[in-house]
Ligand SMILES: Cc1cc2nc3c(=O)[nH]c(=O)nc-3n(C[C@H](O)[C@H](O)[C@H](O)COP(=O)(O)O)c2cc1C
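Next up: a single chain in C-alpha cells, the form predicted on its own.
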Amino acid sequence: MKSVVRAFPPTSIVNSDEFRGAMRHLAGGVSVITGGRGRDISGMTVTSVTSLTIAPPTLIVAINRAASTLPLLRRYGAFGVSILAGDQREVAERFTGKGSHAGAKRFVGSSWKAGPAGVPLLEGALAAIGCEVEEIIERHSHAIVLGSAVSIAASEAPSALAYWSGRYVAVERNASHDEDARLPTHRALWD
C-alpha cells in the first residue's frame, strides 16, 4: 500500500497559543519516558503516549527534539514508559524539566529498576513498559517515537494521574460494585 500526502493551502493560520489553549481541553494520562542506562540517564513527563497496535504491542510517544531524553533513545535504542498513578504527582513534576532537576537528578526520591537494555522503570507505576525503539520520525519541533513493548509490569493502584486544563488530576476507581459505580471519578491535585 502506498501512502498519499496532499498539501492543502490553509484557509487560516491558528497561532500556537490558541492551539495550546484548545489542547488543554484534552485530558491526557501522565507518563514518564526514560532513556539511557547506568548514570547516563534522563527522562521527561509526557501526556503523548498512546498505543499504536496491540499485535505486535507497539507504543507511540511524541518527544520534543530539544529534549535531553531523545539522544539517549537514539544512542541506546530503548526507552521506558512509566504510566503514573494518582499519587505520583511529585514524580511528574520532577521530570517536567522545570527547576534544577536534570539528567540523573530527576530519579532521586523514587524507586527505579532497570528494565530491558538497562532503561529505568518506575516501581509502583500503574504500568511500567520497556520498549525497543522501532523508528523515530521527525516532524516540526518533535520526534514521533515508535516502540515495541518488550516487558510490562502493572499494578493495581486505585487511581491514575491525568493532566487536564493545565492541572494534574487523579482519576480514581470507585470501590462499589454497582454497574454505574464502576465509572471513574476524579479529584483535583492542585492547590
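Everything numeric here is computed off the predicted structure, so don't read it as measured data. A residue's number is simply how far along the shown sequence it sits, counting from 1.
One more form of this protein, predicted in complex with this ligand, exists but is not displayed; see below.
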Non-hydrogen atom contact T45 with this ligand in the predicted complex at 4.5 angstroms: yes
Non-hydrogen atom contact S151 with this ligand in the predicted complex at 4.5 angstroms: no
is_contact(H142, this ligand) in the predicted complex, heavy atom dist at most 4.5 Å: yes
Distance check, N64 to this ligand in the predicted complex, heavy atom within 4.5 Å: yes
Within 78 to 107, the residues that have a heavy atom no more than 4.5 Å from this ligand in the predicted complex: F95, T96, G97, R106
